[in-house]
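Just one chain follows, in the form predicted on its own, and it is written as structure tokens.
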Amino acid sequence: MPRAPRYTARTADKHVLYEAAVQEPDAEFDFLDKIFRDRRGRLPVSIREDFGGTAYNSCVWVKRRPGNTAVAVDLHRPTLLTASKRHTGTLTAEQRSRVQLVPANVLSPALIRRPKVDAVLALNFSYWIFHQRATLVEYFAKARAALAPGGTLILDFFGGTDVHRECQDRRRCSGFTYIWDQARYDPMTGRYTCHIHFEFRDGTALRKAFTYHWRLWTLPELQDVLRDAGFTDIGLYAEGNRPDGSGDGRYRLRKGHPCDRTFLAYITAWR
């Protein structure tokens, strides 16, 4: 069994830790492939990864199948163009030619003029950065305009009664502890401040390695906003539960959901 990495606060790269603790590109692309094949009778080829960060998902996507293409969009140029080199550096020249890194605001009209894609992905709840309904409608409408006919926008979502609590959740990972900190929630405005901390075996820690100032949207609100943006075919896929109450990693199309303390879901909106 491989030894866990020896991370410390001084030597750890917060993006490496985030990817290890949070991101699961293979599972997300398994979901995309399944729903796209079920709906369109073929596998998707082209994606746009919004709020793409280190372009981890995009690099995994072009490795997944010959011919897959990806556009990674992120407003923070150093993360997209510099931190992403850990991933783009693992690609062959041919694979690298199928990834485009675009340092831009996802609201930029220039993105609409690019070639249309099979799927736009806005994952890790990143679209919650938009606090105003009108801005979220604008984003969803522009994402729709970027889709080829029959394409889909995929959003992830977490909900449940615990989402509104100011609390922390700790999870052991290989070589470090991941801490999700719901630091503040204002029920009158929906404003939601969360942090990610990392703790290491030598007793050091990275506090507030990532901070998010979000609006906590609900599923009914998001469906209404998507309709106002022009989507009419919207699906909600919620994760099932194991007997112990933990998620089973399988997402099923649902019309309703139990009032669980926490649950994860994907929202699909088809053009």
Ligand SMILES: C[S@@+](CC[C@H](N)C(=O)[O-])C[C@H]1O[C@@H](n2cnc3c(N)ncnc32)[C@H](O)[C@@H]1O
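Throughout, we count residues from 1 along the sequence that is shown. No experiment lies behind these values; they were computed from the predicted model shown.
What follows is about the form predicted in complex with the ligand, which we do not show.
*asked:* Please tell me which of Phe157, Phe130, Phe200, Tyr178 lies within 4.5 Å of the ligand in the predicted complex, judged by heavy atoms.
replied: If I apply the 4.5 Å criterion carefully, the residue I get is Phe130.
_Interface residue in the predicted complex among Thr88, Thr193, Gln100, Asn124, criterion: non-hydrogen atom within 4.5 angstroms of the ligand_ = Spelling it out, the residue with a heavy atom inside the cut-off is Asn124.
*Taking heavy atoms and a 4.5 Å cut-off, does Gly53 contact the ligand in the predicted complex?*
Gly53: contacts the ligand in the predicted complex.
*Determine whether any heavy atom of Thr262 comes within 4.5 Å of a heavy atom of the ligand in the predicted complex, and answer yes or no.*
No - in the predicted complex, heavy atoms of Thr262 and the ligand never come within 4.5 Å of each other.
*With a 4.5 Å heavy atom cut-off, would you call Asn105 a contact of the ligand in the predicted complex?*
Within the cut-off, so yes.
*asked:* Taking the ligand as it sits in the predicted complex, is Ala83 in contact with it (heavy atom to heavy atom, 4.5 Å or less)?
replied: Flag for Ala83 set to no.
*Would you point out which of 160-168, 92-100, 145-153, 71-79 contains residues with a non-hydrogen atom within 4.5 Å of the ligand in the predicted complex?*
Among the candidates, contact is made by 71-79.
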